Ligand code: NAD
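There is one chain below, alone, in structure tokens, taken in the form predicted on its own.
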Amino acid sequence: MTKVIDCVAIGEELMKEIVKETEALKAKGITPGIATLLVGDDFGANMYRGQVEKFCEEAGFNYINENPAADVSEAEVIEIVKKLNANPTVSGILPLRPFPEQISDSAVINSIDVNKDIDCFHPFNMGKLAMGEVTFPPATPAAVIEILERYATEEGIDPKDFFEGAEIVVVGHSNIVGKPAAYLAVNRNATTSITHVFTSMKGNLAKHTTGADILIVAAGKADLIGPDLVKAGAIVIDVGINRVKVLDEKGEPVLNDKGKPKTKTVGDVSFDAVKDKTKAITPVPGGVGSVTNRMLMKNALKACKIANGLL
């Protein structure tokens, strides 16, 4: 019988662990802190900022938001980052993108102290990740691995044995999720493949995905993965978050009371069609995203310990 992995419960358990660890640090006179950097008022970035602030409050972290106007110069943003680098109450710095066109992502990211780079944006930390060295893993890929490790433990399997030699296929090769997820898997001695849009264009996607014991999908395309692309008994982790129109039985958009099409959130995997073919699967919504921000906070705790000589 298929197990729908309860990622919300995993996220809640993680938060309890984070609160406990934060209280232990506070007993030593140390408080972790996160600073977000939001340039302008991008709606999506501000939504994420609000979530980070909420979780910081819940865990007892310090929280700072630097929010310069959209017309700020790149040099001024770099100065803000330098100020945060020097601030002892800030354990981790989280730049919220997109930035306005006059500000280079790389210029900002490269100015962040590598020991405060809690979402592994800096090339130094990404290089360490690729080499299998200890670093701050990006929050979303780290959430994927956390979910799989806790799933294995619940099934009575040592996570080390669970990963070693497993055929893991990642669908999507972004620098944010796909590539680092593959690094994290191969660093655990999984047999790891990365597929992407060009794999599909050559007609080779199914060849890879149908051989996967564990399929991690992070392509950003709604309903990309149907049952024909999944091996029976596979474990499927759906990272995708897509807004799509709600359709009626005739395939026509369903309208709300304002006459506009209703929308819903779906993943990259056709959940209902795929679910019964799998051994375990994560839902969307209520899936990987429920764990992601907690992994960011775990990284901030780690950064705080490094800054205070506890690691």
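Residues carry their position along the shown sequence, with the first being 1. Everything quoted here is computed from the prediction, not taken from an experiment.
If you look for the form predicted together with this ligand, you will not find it shown, but the lines that follow are about it.
- Checking Val108, Ile145, Leu205, Ala212 against this ligand in the predicted complex, a heavy atom within 4.5 Å turns up for just one residue: Leu205.
- Only one of Ile168, Ala219, Ile235, Leu94 lies close to this ligand in the predicted complex, with a heavy atom inside 4.5 Å, and it is Ala219.
- Looking at Asn299, you'd find every heavy atom of it more than 4.5 angstroms from this ligand in the predicted complex.
- Taking the partner from the other structure, this ligand in the predicted complex has a heavy atom within 4.5 Å of a heavy atom of Thr140.
- Proximity of His196 to this ligand in the predicted complex: non-hydrogen atoms within 4.5 Å are present.
- Within 4.5 Å of some heavy atom of this ligand in the predicted complex lies at least one heavy atom of Val239.
- The candidate spot formed by Lys3, Val269 and Val274 is out of contact with this ligand in the predicted complex: none of the three has a heavy atom within 4.5 Å.
- Residue heavy atoms within 4.5 Å of this ligand in the predicted complex occur in exactly one stretch of 252 to 260, 239 to 247, 274 to 282, 54 to 62, and that stretch is 239 to 247.
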